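First, one chain by itself in structure tokens, the form predicted alone.
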């Protein structure tokens, strides 16, 4: 069943004293659950084990209480009490033959210790380097501290073994781990035997590896995660120095885990990073070591994966985001079902769970982190309920996912689409600069629907309430999407502000419909996600001059959570977009926009030829409201239920829409739980006084 071109991906591989059953390696990745939701995280990793991954790692695990990164929620291994939580995870990982790995992290200059209130310890005395610029400094490790830190790593390794793990990853990448802090001259300013030359800066990692080998090395594989290039200037740990370090210490770990630069580099969104983007940085490193190498690059194509191995670039195919989008990626390749893979679109919505200290989501895989909380499986639906058929109105991401999942449950599904194209907002947005990969949301579901005999798709079918009542479907799902407002209402303005009819005013929908403003265009972005920046790129491509005005402190401020804000600002600035931060728009006149400072209310006019409003959205819920007003007619029409979902219910990111569609499909014909909590959670045990 498997294409022989991919046989190489299923070869067993040795990592020190343990053997991975194949080359599919889920590198450490966060999930927003951590110590707060350990069973949810364990079930998520267990699903990947079922999906065929050969190696599965935890996320960053804080190995000592003197270095923690609150408010961010990661795993903790501070004491023996943490072992049962982690053992549950390792057991889930190993249930189908995968190796279970734990990533041990000491955050050093990245750990503000806001929870423990311990004085932070770092390689050199420096201000704490965090996402939130905490006004705290770390003191430099002295020789006693270094001896303590070595002992703490040994203790953590022993606890990891007790917790059932097969592999330990020492975290020194993305600027986040103590090992990188020793290796990089940007964070290592020491003048003793741990500073200066590369040999000295590598002393600490050599000592810790030796210590852990003595403690558990006969039973556990030891991996080292380092960045291929810090990309932070002359003092950074450069790719050339990484190569020198690997060659100098060619047999140091049992496996080299090579990540790409900063976290933003390593997990760059598809807008800015192609598949296998780290290839140039990792190519040739294999010649410098006798140990296997794993690398990442948002790998979604089995052809690219096989090429990475066959060319001697990588031994393991490292995946974080692709393993989230499809936990069964290895099994689908093995079973010859490549077309069934839910390809990662690189939107980075998964990362926002970590950045917002909440449970992560995935645009492609709405079951991510709901495996334990709701009992959702990415490849299996619950059994069909008592009714037989469903009419889904609208084929955007919510409607497509609802139709796909309902068909999987066994319902007869009619999908009515007002246009000649499936995908809704995804079909439109995939045409915008940098967003072509997002079209996979529609492509995957369109293909799956094409394979279902119990689904009928009807194009050019803009239905009204009367038509729906005549059809006789038992269940009606309204997923008619939303449209951008053209009155500026969003966060700064809760009611429309004054506008002149003489000024051409556009919305993103207008541009996606083919409208073409000209001259100088002011974009008023009070949405703060990707659309404002994308619209600016589009207008520049169309030859306009662009000024982007936003009440926020950053362009596309929420994209700080998707690790792309810096790149968005840089690209717009390089394209010549004038960026006005901390300014709103209070009025639009015939030939200018009136802007105000968000702090002083000082007004300033910006002359322009057109204004593009990127504000809030209006729900397309008229059909639903009409049906609700005629609820007395439902029974005679044979209708048991009518449900409004997705953007038509409450606009949000695409991941919110696919989740809404999946939830509708899961919950149809199930018992009403009333006021009960719709998911499971874990509650901390009270300490004994």
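Positions refer to the first chain, counted from 1. On a predicted model such as this, the values are computed, not experimentally measured, just so you know.
The form predicted in complex with adenosine-5'-diphosphate (ADP) is left out here; the points below concern that form.
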| item | value |
| --- | --- |
| 581, 418, 355, 512 - the one with a heavy atom within 4.5 Å of adenosine-5'-diphosphate (ADP) in the predicted bound form | 418 |
| Listed residue (40, 642, 69, 623) with a non-hydrogen atom within 4.5 angstroms of adenosine-5'-diphosphate (ADP) in the predicted bound form | 623 |
| In the predicted bound form, residue 457 touching adenosine-5'-diphosphate (ADP) (heavy atom, 4.5 Å) | no |
| Residue 480 within 4.5 Å of adenosine-5'-diphosphate (ADP) in the predicted bound form, heavy atoms | yes |
| 4.5 Å heavy atom contact, residue 398 to adenosine-5'-diphosphate (ADP) in the predicted bound form | yes |
| Contact label in the predicted bound form: residue 521 to adenosine-5'-diphosphate (ADP), heavy atom within 4.5 Å | no |
| Listed range touching adenosine-5'-diphosphate (ADP), judged in the predicted bound form by heavy atoms within 4.5 Å, from 58-66, 646-654, 40-48, 625-633 | 646-654 |
| Stretch 441-469: residues contacting adenosine-5'-diphosphate (ADP) in the predicted bound form, 4.5 Å heavy atom cut-off | 461, 462, 463 |
